[in-house]
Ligand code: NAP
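The data below hold one chain only, encoded as structure tokens and taken in the form predicted on its own.
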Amino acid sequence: MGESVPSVRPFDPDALREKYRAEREKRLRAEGSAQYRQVTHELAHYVDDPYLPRVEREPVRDEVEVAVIGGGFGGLLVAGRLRAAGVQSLRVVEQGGDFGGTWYWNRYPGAACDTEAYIYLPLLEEVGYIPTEKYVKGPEIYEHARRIARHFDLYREALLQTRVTDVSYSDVEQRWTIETDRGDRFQARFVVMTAGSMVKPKLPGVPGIENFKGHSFHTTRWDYDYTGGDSTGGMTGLADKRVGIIGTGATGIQAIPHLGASAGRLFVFQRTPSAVNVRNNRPTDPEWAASLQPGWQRERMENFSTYVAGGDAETDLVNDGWTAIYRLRALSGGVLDELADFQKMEEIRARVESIVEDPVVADALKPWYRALCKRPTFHDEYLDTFNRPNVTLVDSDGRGVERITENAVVVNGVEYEVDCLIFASGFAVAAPFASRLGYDVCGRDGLALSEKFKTGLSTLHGMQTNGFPNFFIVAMNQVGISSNQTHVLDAQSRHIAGVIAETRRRGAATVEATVAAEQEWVETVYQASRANAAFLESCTPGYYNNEGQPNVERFRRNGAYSPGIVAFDHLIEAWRADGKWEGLAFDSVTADAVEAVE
């Protein structure tokens, strides 16, 4: 049984609009997203791998048919679909020590998916696996990534613990050359770049951060040698420690309950509170799992994403906190109706009051913004943590941490001495892909992808761009949107595998988008994004809206295809099915291409 919904007092919409505006204004900062620090130079140790020692190997000098850059769910889906389509010469390059991407790095205590596991974990039917509960924990997600890699034989030619440093195209050879930090230099006929948004951790640009003398780490590189315990908690190494954590987003929400249970003293430094909904996790029902029919996962994914896009279905198959929010969306424009939004957020604020005993602390934990301005979070123990006598909420009233000294965090002029400082400050989502991924891509005639995209993205369906033959992009730009990101990745993987299969079938040397086709797609995305851009302008600062400074024109061009992933997936499926491949240019037949098909 889930917890009951607290009763909501009558509210004044005008007063709420003014409250939201005031709370937004106090959090605006002139530097926008530049307020965060890149983890370079004296801060570079924050991205060192604490999980696996480096394995030395000889540099690779060879050729493969397809190179996939990135071994997270995006890379696994593309590689798996290509392998299933008959591509044998395939290499995944991944900077982590194993497959998993975000889930290789995210091993902090309490790490779990907050989108239902039955739709979030990809390729469940293909590999024959059913998650153990509705929202599975990090270790199970990481193991599923490895299960996919084993199932599709992706370890065979993979380069792990390897970071790509350069990708360049030769028109003469009609091949891409990939170079890495391990001295590798190999060629590939096709390249798929997975530009995941949760790749590079970021740190708050707080003065003095590099001067802290105590122990510190980012949540994506959790130091269990220091804390003790594991992802389930039990961090006995913190029993006599004063611990501070900066960040109360989705990661902080999951880690803070375990820190509160283990630390001698815990200070939670908050700039903006998250909206914390009920999660109500539960084990998988074996009878339900046994009743599933072929095609069940895609049906469930589409059902969920239909609600996300503001649509409706006969039955809400997922029926969780996400769909409870999205069921309130107005069908006109796909934006949540304002009064329904006010009602939902009043419920969330009432829940805070009903759980947190100290009224001052409860008031500081209330989110004052519309439901989809920041990523909703779901947890059943987070709010209770602030009833512990060893846990102190340090609310900055929207200003953030003032500075960091050798042994303390300063907020509102008060020093809080800590032995250990943990950064739950998220990822460099808004950074340009070249700085985020650490390499650029040079296409035909030496054109850099970063230069082509300097004034805005130009793609066909978000995945191909003119001047970059046999090159594919897996990212969240100019493709359908969903709160379930793996649904987006699944649609992209099927599309990319389909285009590559058609290129091989034709015996063509190359395939790329035409200029006219990408211009038409850019205009389609731009025109569809009007309502979402206006909504985000009014939101409290966060990574959704470039910290309160959205470049509306750029957002509308570079953002998602706002009708949603279901509409997008059906659109590109129909585009592939008609057999015209409109907007693609297939180059002439070559001996190598014919041999590859045979």
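Quick note: we count residues from 1 along the sequence shown, nothing fancier. Small disclaimer: the values here were computed from a predicted structure and weren't measured.
Unshown form predicted together with the ligand; subsequent notes refer to it.
The stretch that touches the ligand in the predicted complex, counting heavy atoms within 4.5 Å, is 242 to 250, out of 515 to 523, 224 to 232, 242 to 250, 85 to 93. Interface residue among Ser216, Thr272, Ser305, Thr486 relative to the ligand in the predicted complex, by the heavy atom within 4.5 Å criterion: Thr272. Though the ligand is absent from this view, in the predicted complex it lies within 4.5 Å of a heavy atom of just one residue from Gly310, Gly237, Gly400, Gly498, which is Gly400. Highlighted residues Ala67, Trp176 and Lys452: none comes within 4.5 Å of the ligand in the predicted complex, counting any heavy atom.
Within 4.5 Å of any heavy atom of the ligand in the predicted complex lies no heavy atom of Tyr561. At a distance threshold of 4.5 angstroms between non-hydrogen atoms, Cys113 is in contact with the ligand in the predicted complex.
Heavy atoms of Phe386 never reach within 4.5 Å of the ligand in the predicted complex, leaving it off the interface. The closest heavy atom approach of Arg150 to the ligand in the predicted complex falls outside 4.5 Å. Contacts between 348 to 378 and the ligand, taken as any heavy atom within 4.5 Å in the predicted complex, involve Lys374, Arg375.
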